[in-house]
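One chain comes next, on its own, written as structure tokens: the form predicted on its own.
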Amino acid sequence: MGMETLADIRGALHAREMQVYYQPQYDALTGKLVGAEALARWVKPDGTVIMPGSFIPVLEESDAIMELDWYMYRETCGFLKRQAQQGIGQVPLSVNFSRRHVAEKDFVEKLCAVADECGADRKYIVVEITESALAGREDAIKELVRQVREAGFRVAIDDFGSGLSSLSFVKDIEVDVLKIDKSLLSNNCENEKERIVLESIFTFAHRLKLTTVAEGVETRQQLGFLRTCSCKVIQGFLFAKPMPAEDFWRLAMERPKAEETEDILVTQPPSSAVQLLLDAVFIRYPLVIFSNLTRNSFYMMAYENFTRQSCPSTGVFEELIQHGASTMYPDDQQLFLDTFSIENQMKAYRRGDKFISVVTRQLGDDGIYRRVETTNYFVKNPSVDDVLVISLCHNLD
């Protein structure tokens, strides 16, 4: 079917022929229903269902797309209210909003007003913003997202990986959910480059504490690989197609038991096991630094307010040591500098020492000096002859 006219589409909106279909989202490991995305379907009086590809592009040519967005949002809020009234367990529902809303006056106020008027709990509403919405308006979207989250809603980046500004978007804008575009699964996860890209995305998303949702999952092979990457949520035809509201209502009422899964310690690959190990390490050592003494460089993996002054995340190792000493009790500064000078560490390495350690008094954010133990472990990478160290720091008091 070809494109519909704008007049016909608006007429369908006013006649309430536009219906909300919900595509369920499931926990990747347990198969438990954990959410859904609200999707528009045009259902004509004779039962013919027109897919969004026939009318969304027409609406997006003007502000008319905003009419559909608000219609979908209000319907979803009403659905949540009816669930609450019937005592049905609720899951978060995602609603798409066009990039045109970035310039809409009082968008957040209207978002709140509709939810409150319908009696929908804001914590079950996820505002989806497509990656393409970023184009040329980073500051405006950053402020919009901040206000939406402060109002009690969650925010998702939709279609992540479909554009060129993905990493910049995630780096600069505080969101809750990262939805991985189905185009990244186009080779059924059998292509090595595809797997490497996906593994990288899930690794940084995990470290940023983002919930990841893989869209367009259609095969068991894709599911199996995504599980090894620690993908949190799955959305796609493998589990369920978009369904009318009444069908999703029944699904939410039933909330089927989680399917049998293998032991997570068996299904997780080494890369995921390493991530679990790092999570455990960070509990005791909130500051972890990788350094290359040969090249006088370092990279910090975690930092949690050891001093008043922010610590650089990467740079020159000798400057890092100077910075660390500057935050310590005056009587301890020279001890720290001497212990961790490149020259002293090289000598220890050549002697065959496995590590060197020192305890100093370091100034905390509250103005109190506390004892901090810093230990540098010498490690070896078979690919290079450089002298490498891993620094673990933690408070003793």
Ligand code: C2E
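One rule holds for the numbers: they count along the sequence shown, beginning at 1. Think of the rigid core as the biggest set of C-alphas that the two forms share within 1.5 Å after superposition. What you are looking at is a predicted structure, and each value in this text was computed from that prediction instead of being measured.
Here the subject shifts to the form predicted in complex with the ligand, a form of this protein not shown in this document.
**Student:** Can you tell me if Asp27 lies within 4.5 angstroms of the ligand in the predicted complex, counting non-hydrogen atoms only?
**Tutor:** Output for Asp27 is no: heavy atoms all beyond 4.5 Å of the ligand.
**Student:** Can any non-hydrogen atom of Pro52 be found within 4.5 angstroms of the ligand in the predicted complex?
**Tutor:** Contact with the ligand, yes.
**Student:** If you check in the predicted complex, is Leu68 within 4.5 Å of the ligand, heavy atoms only?
**Tutor:** Because a heavy atom of Leu68 falls inside 4.5 Å of the ligand in the predicted complex, the answer is yes.
**Student:** Decide whether Asp247 counts as a contact residue for the ligand in the predicted complex under a heavy atom distance cut-off of 4.5 Å.
**Tutor:** Result no; Asp247 lies far from the ligand in the predicted complex.
**Student:** Scan Phe97, Phe79, Tyr124, Phe298 and let me know which has any heavy atom within 4.5 Å of the ligand in the predicted complex.
**Tutor:** Contact with the ligand in the predicted complex is made by Phe97 alone.
**Student:** Identify, from the list Pro286, Gly315, Gly216, Gly161, the residue with a heavy atom within 4.5 Å of the ligand in the predicted complex.
**Tutor:** Filtering the options by heavy-atom distance leaves Gly216.
**Student:** Choose one stretch from 104-112, 82-90, 200-208, 152-160: the one whose residues place a heavy atom within 4.5 angstroms of the ligand in the predicted complex.
**Tutor:** Among the candidates, contact is made by 152-160.
**Student:** Any chance the CA of Asn191 moves 2 angstroms or more between this form and the one not shown, core superposed?
**Tutor:** Asn191 C-alpha, core-superposed: shift of less than 2 Å.
**Student:** Compare the CA separation of Asn187 and Lys193 in the predicted complex with the one in the displayed structure, and answer closer or farther (the difference is at least 3 Å).
**Tutor:** Asn187 and Lys193 sit farther apart in the predicted complex.
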